[in-house]
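The data below hold one chain only, encoded as structure tokens and taken in the form predicted on its own.
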């Protein structure tokens, strides 16, 4: 989890391209320097978080999470631009390591009414899914999600340049990442997983070391979103050029790698009856194996999502989604298996999210649920969040994995089922 550090700082160095030179030398009143123009306020929190597995996993520690974390957030503004830093100092009792993770380090400027520019390390997101991602191909932190860190840590940061163009016809977001930012995926260090090569579960005995594309300006990613509002409905088109965000390929020797990926998609979201409905589609083109003939590279896929959310009663909100993954070029994929077990052509997942606020909204009860009728497995995320005072937050939650076949997506994590608790002091 240690930050790579230099990319966000490197991108901020080119801020002069978008910040008028005079702003660097003059304050808003034209009298002082840059330091006089910046009015920074420090916010953050200190947190202790611990959790344990409910059963024994021979490949992992009994404790699923045991850490302390100090987060500092420093925003600052001047006439022509905004700056923000957000970073964590952490000590991890599972790995006996400590370090720093920069979550945000960016400069934002609006040189004209038609253009926004944001440069540096930033957390990016788009699409319409509720904790289901189709066209959102920005990095995720699945380790944090499955061991019980705060939900904000599911979104990992990107080192990128984001441009926003605004016109009367449509708006365009363009994100350029000069060096590939993968997911913080399951490696076996915190969470055990199904090892297809070994045909068994694995964890710390078989840590995944993937060969990551990391050449500046060569192993880049580009993502774009073209969107506009039509009669209260937001329509969007998406495009992406980069790599699969997890290592979905391997060399002939078995080393995991990140194959190239191009993705294209569409979404619509808007009022549907008393709630909000959404539909999203995505086509993933596996560039290194477009016809599905290479069993060492993940096939191209089509992904579909339909969702609906509404307020069920006072302070009770819910959302329901139906999600489908379709393996394309299925015949070639099936022949490449040569009798080995593989994926089904279609994977279906139903998700349910419920949130109840109580006690003047100081108590939040939530339940997230994922059930796959095709894989016959499930994942449940109950959580209790209580604001004891304005500064002190108490939390209790669990990650519960269920399933019949240990090789399916959720069932492979069954022995990682855990409960966790946290105390956070905010300032």
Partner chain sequence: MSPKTIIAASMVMLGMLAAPAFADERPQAPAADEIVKKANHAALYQGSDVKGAVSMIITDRQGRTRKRGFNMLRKDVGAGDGDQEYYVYFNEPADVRKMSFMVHKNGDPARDDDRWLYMPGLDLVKRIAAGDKRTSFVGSDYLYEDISGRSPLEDAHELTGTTDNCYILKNVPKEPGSVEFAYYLAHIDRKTFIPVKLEFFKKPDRLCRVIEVLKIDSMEALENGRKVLYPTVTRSVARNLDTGSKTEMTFSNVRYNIGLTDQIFTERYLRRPPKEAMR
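Positions refer to the first chain, counted from 1. It should be emphasised that the depicted structure is a prediction, and the values quoted were computed from it without experimental measurement.
Although it is not shown, the form predicted together with its partner chain is what the next lines describe.
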For this session: Can you work out whether its partner chain is within 4.5 angstroms of a heavy atom in all three of 116, 155 and 166 in the predicted complex?
Result: yes
Exercise. Does its partner chain come within 4.5 Å of any heavy atom of residue 180 in the predicted complex?
Worked result: no
For this session: May I ask you to check whether residue 227 falls inside a 4.5 Å heavy atom distance of its partner chain in the predicted complex?
Result: yes
Exercise. For residue 112, is any heavy atom within 4.5 Å of its partner chain in the predicted complex, or not?
Worked result: yes
Problem set entry | residue 386 within 4.5 Å of its partner chain in the predicted complex, heavy atoms | yes
For this session: Counting non-hydrogen atoms within 4.5 angstroms of its partner chain in the predicted complex, say which of 212, 317, 95, 288 makes the cut.
Result: 317
For this session: Just give me the single entry in 262, 345, 329, 77 that has a non-hydrogen atom within 4.5 angstroms of its partner chain in the predicted complex.
Result: 77
Seminar exercise, completed: Assert contact_stretch over 298-306, 181-189, 198-206, 230-238 against its partner chain in the predicted complex, heavy atom within 4.5 Å, equals 230-238
Problem set entry | Contacts with its partner chain in the predicted complex - residues in 117-133 whose heavy atoms fall within 4.5 Å | 123, 124, 125, 126
